[in-house]
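One chain comes next, on its own, written out as structure tokens in the form predicted on its own.
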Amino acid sequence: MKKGKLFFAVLYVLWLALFVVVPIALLLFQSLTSESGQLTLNNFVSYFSSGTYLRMTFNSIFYAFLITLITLVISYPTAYLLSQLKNRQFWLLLVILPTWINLLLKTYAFIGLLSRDGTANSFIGLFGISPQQLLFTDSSFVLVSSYIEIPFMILPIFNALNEIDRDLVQASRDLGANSWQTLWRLIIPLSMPGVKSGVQSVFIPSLSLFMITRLIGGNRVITLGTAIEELFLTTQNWHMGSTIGVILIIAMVATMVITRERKKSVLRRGGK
């Protein structure tokens, strides 16, 4: 048994080293070197002194926050409703099913829906409204991104809600709390771990979106993910692309730290 565990532990460490540690190390090395291979901080200086890159950073954070907020507002009531249903696992499966479809296929489906000759314009045309420019707008980008990310917000919230002891809810009702008080003072606080996990699952990927910005936003929405794609594939400036990649990693780690569970503080409150 020990040999078997050691074998799998070695495999895991090798996988972690090859596909996590080494790529991050290469990214960091590229960001700290010039084209001649000398160590330098000029890439970071150029990034923080460039209004264009700072604007991209603001756009990335703003859109990631907006997408996360929209998905949270939609997902929490949905997850709560699902947790109250009799066949909740079946309905949850229907919510998760879209994640099994390739992201590119879903994006192209929205192109067909939102184009000037698409389904959406055909529908509003029934009311005498002329075709609108729905595609290649900020709104369409946020709409499609939110739709794609919603299942990743619903699932952790649903799991957190599903784990709440029903006896606690019943005890709250027995003690005279109405439905709103039970929801606000009991259910929402107990489901916060799921909310935080959902925020991580949505906000972090949304920081580096690039394919949806191209196909749906039509390059009107420029984010750090778009900049990395451009620097690596078009301008071949791998050093600046790596610099932005490192900054994105730092932003993702910061998000995880901010939304992490603070068990110690809970224990202290319990002790008091």
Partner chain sequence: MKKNKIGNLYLWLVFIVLYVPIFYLITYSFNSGKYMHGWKGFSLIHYCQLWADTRMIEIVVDTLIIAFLSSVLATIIGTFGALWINFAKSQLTKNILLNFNSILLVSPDVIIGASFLIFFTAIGLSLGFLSVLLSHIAFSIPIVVLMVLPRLQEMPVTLTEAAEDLGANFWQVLNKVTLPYISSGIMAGFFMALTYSLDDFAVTFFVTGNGFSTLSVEIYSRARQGISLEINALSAIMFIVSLILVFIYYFISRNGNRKRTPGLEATK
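Residue numbers count along the first chain shown, from 1. We call the rigid core whatever largest set of C-alpha positions still superposes within 1.5 Å between the two forms. What you are looking at is a predicted structure, and each value in this text was computed from that prediction instead of being measured.
Although not depicted, the form predicted in complex with the partner chain is the subject of the following passage.
Enquirer: Classify P98 as contacting or not contacting the partner chain in the predicted complex by the rule of any non-hydrogen atom within 4.5 angstroms, answering yes or no.
Expert: Yes, P98 sits close enough to the partner chain in the predicted complex that at least one of its heavy atoms falls within 4.5 Å.
Enquirer: N102: heavy atom within 4.5 Å of the partner chain in the predicted complex?
Expert: So N102 counts as contacting the partner chain.
Enquirer: Is T78 one of the residues lying within 4.5 Å of the partner chain in the predicted complex, judged by heavy atom distances?
Expert: T78 belongs to the contact set for the partner chain.
Enquirer: Does any heavy atom of I124 come within 4.5 Å of a heavy atom of the partner chain in the predicted complex?
Expert: Residue-level check for I124: no, no contact with the partner chain.
Enquirer: In the predicted complex, do L26, I74 and I111 all reach within 4.5 Å of the partner chain through at least one heavy atom apiece?
Expert: Yes, each of L26, I74 and I111 comes within 4.5 Å of the partner chain in the predicted complex.
Enquirer: At 4.5 Å, heavy atom to heavy atom, what parts of 113 to 131 sit next to the partner chain in the predicted complex? List them in sequence order, or say none.
Expert: If the 4.5 Å heavy-atom criterion is applied to the partner chain in the predicted complex, 113 to 131 yields L113, S115, D117, G118, T119.
Enquirer: Against the rigid core, is the Cα displacement of A25 between the shown form and the other one at least 2 Å?
Expert: Where the cores coincide, A25 shows only a C-alpha shift between the shown form and the other one that is less than 2 Å.
Enquirer: Taking the rigid core as reference, does L16 move its C-alpha 2 Å or further between the shown form and the other one?
Expert: Comparing the forms between the shown form and the other one, which are aligned on their rigid core, L16 does shift its C-alpha by 2 Å or more.
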